[in-house]
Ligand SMILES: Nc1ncnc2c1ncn2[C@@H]1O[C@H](COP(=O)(O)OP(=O)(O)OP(=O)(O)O)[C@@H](O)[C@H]1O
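Take a look at this one chain, the form predicted alone, written out in structure tokens.
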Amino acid sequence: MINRDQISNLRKLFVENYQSAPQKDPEFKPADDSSRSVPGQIRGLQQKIASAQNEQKARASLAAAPVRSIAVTSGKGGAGKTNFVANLAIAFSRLGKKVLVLDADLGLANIDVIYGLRPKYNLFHVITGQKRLSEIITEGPCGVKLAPGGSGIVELANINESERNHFLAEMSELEGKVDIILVDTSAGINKNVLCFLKACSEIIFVTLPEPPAIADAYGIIKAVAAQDAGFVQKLYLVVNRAVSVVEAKDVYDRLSLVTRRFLNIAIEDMGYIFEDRVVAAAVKAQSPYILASPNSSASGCIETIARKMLNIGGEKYGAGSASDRLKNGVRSFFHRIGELFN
């Protein structure tokens, strides 16, 4: 990489070469004189200077505004994954983070239902140029931004270079406006789910304290590890609908043991959410339980998880960390998704 001193030397050489070129009249154009090699060198130096400056600007921008991308998934449906995402996003927002929720559950996208929203458009309309990003982003509770995915996510695999550049330019509007991208994936193991999990630098697996759910959680962890030999993502486990701390800890211990023994993978204990009847009531009322019942045990668990996530993230993001996988930007995140679907 060219540093600042090298750029200064290149500029000096550029000026010296240019001044040494014979200029016979005002119409003299060095580039048109094929008998001399200096103009070609000048063009090359100019390109190197511009490239180095652009690289430095890009690095400065990335260092100033890191973005965490967190995928939430589960081995089977009914684990409460989407409800968890909807409430976790609000908890992050209330802790001062700017959050974008990407509803990537292509078959059963329903975070908007939990938020009581009715978005008319999704990312498909942005990709095809029918709508601007600002026209499809919906603001949910506590300032959480929702990007309805729908079929638009799959369309990333079928667009040409011009359409992709247009889409990524639209995504650039979010740079500096988002701290966390929270991705709600479909349940189970399929190509779409694995692409999203690979694109994110952190993954939260949500499971229930039931043997079939635990087995399914192990299955998707194994699938994630198998698809990438250079595995660098942070993996977390959240046990939903636990009746006690002991039960939740037992689930984590069992799953952590088998992932370490057979996959050589460490998965961190990110907490649990107690079985709480306010959750079902909030879903029926189309209101996140962290707002409808802020003093409930489930809401307290969500807030604890959010604080724990933020503490973990702040001290581990640097050179060589999992976040480098996405270059720390919203635009880079969506670019990587497009590459993976291709």
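None of these values were measured; they are calculated from a predicted model. Numbers follow the displayed sequence, beginning with 1.
Beyond what is shown, the protein has a form predicted in complex with this ligand; the following relates to that form.
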Option touching this ligand, based on a heavy atom within 4.5 Å in the predicted complex, out of 241, 131, 234, 145: 241
Among 169, 173 and 336, does every residue place a heavy atom within 4.5 Å of this ligand in the predicted complex? no
Of the candidate stretches 79-87, 252-260, 132-140, 174-182, the one with residues having heavy atoms within 4.5 Å of this ligand in the predicted complex is 79-87
Partner proximity in the predicted complex: residue 105 to this ligand, non-hydrogen atom cutoff 4.5 Å: yes
Within a 4.5 Å heavy atom cut-off, is residue 276 in contact with this ligand in the predicted complex? yes
Taking heavy atoms only, is residue 305 within 4.5 angstroms of this ligand in the predicted complex? no
So in the predicted complex, is this ligand close enough to residue 187 to count as touching (4.5 Å, heavy atoms)? yes
So which residues in 278-308, when you check this ligand in the predicted complex, have a heavy atom no farther than 4.5 Å from it? 279, 280, 283
